[in-house]
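In structure tokens, the next block holds one chain alone, the form predicted on its own.
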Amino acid sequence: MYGLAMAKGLMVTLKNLTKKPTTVQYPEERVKQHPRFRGEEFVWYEERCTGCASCAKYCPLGIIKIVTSPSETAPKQGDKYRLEVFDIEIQRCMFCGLCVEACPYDCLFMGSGFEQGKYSRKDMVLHVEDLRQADKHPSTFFRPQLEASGYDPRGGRPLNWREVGRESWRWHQQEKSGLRLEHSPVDTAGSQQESN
């Protein structure tokens, strides 16, 4: 009885020995990522962000820290917030994506990178300046509008804040979200074309 079980175990070993290996020689070879991959490189569009802190509220680990103050730019409309701190502690993140799902203005996206290893925990915090200067290659996780357009985060071009939202650009013309909304000549020409 004992020898039969051992023979069965060896048969499984021999069967798998002849199979083609499924591992790759990382970092020389890389497995193709799905566009919905949830990685470490968070993408944040400040122009869309109102400072509502929904992302921080719904984070189950409490790793998002947001500090705001009244902007005093639109008191009649209920005012907006000036973002002073927007920090994400990557070392504690479990990449569940609940912060992205909670964002009502499509300003926070999961990233597509995973090679952000550091030697210190202090370096594993994304500060507001890091988020502002980062390349904008958002994951298509929980963003069907990006997936429907065929956007590839690993091979596509960086997207600006007008291209990532579910609402149209007209909704943002009134500057309801974002303190750093700058109207350039290209913006005004584009809005005139949309109105025609």
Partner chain sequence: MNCQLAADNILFENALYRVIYDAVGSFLPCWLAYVAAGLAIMLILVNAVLLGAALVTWFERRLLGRFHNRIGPNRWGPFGLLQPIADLAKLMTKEDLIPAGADKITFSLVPLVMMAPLLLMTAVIPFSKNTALANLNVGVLFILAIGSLTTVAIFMAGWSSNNRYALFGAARAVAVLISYEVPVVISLLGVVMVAGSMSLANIVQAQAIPFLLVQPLALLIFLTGMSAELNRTPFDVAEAESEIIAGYHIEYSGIKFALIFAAETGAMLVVAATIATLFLSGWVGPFAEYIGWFWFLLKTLLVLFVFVWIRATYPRLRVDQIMALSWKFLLPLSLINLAATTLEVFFLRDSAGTLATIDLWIMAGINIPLALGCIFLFGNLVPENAKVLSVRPTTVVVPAVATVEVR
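Positions refer to the first chain, counted from 1. The model shown is predicted, which means the values in this text are computed figures rather than measured ones. Rigid core: the largest C-alpha set superposing within 1.5 Å between the two forms.
This protein has a second form, the form predicted in complex with the partner chain, left out of what is shown; the following refers to that one.
K.L.:
27, 60, 150, 155: which sits within 4.5 Å of the partner chain in the predicted bound form by any heavy atom?
P.N.:
Among 27, 60, 150, 155, a heavy atom within 4.5 Å of the partner chain in the predicted bound form occurs only for 27.
K.L.:
Does every residue of 6, 10 and 22 put a non-hydrogen atom within 4.5 angstroms of the partner chain in the predicted bound form?
P.N.:
Heavy-atom distance to the partner chain in the predicted bound form: all three under 4.5 Å.
K.L.:
Heavy atoms within 4.5 Å of the partner chain in the predicted bound form: which stretch in 157 to 165, 27 to 35, 65 to 73, 47 to 55 meets that?
P.N.:
Heavy atoms within 4.5 Å of the partner chain in the predicted bound form occur in 27 to 35.
K.L.:
Where, within 120 to 151, is there a heavy atom within 4.5 Å of the partner chain in the predicted bound form? Residue list please.
P.N.:
Nothing in this stretch is in contact.
K.L.:
So that I can tell if residue 27 moves, could you say whether its C-alpha shifts by at least 2 Å between the shown form and the other one after the core superposition?
P.N.:
Yes, its C-alpha moves 2 Å or more.
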